[in-house]
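The form predicted alone is given below as one chain in structure tokens.
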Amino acid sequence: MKNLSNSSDYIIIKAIEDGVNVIGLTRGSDTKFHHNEKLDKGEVMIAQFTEHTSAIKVRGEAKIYTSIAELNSEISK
């Protein structure tokens, strides 16, 4: 992954299968879902942590790239 400005704030998610869900969660005393995207196989999403987004949840098989690690999400069967 190439260095991006403030790259620690960004993650890249690449769907390995159809139907991968990427869910943004809010900051604050009550954590809530605030955004949901569905990716099909091969689609890539670049997401950023912001003043509103404190966590990102990935559901489904995907490769996830951050400034500190590259990892694969897994499906429990």
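Source: prediction; values computed, not measured. A residue's number is simply how far along the shown sequence it sits, counting from 1.
Separately, the form predicted together with a small molecule exists; it is not shown, and the next lines address it.
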item: Non-hydrogen atom contact T31 with the small molecule in the predicted bound form at 4.5 angstroms; value: no
item: Any non-hydrogen atom of T66 within 4.5 angstroms of the small molecule in the predicted bound form; value: no
item: The small molecule contact in the predicted bound form: I56, any heavy atom under 4.5 Å; value: yes
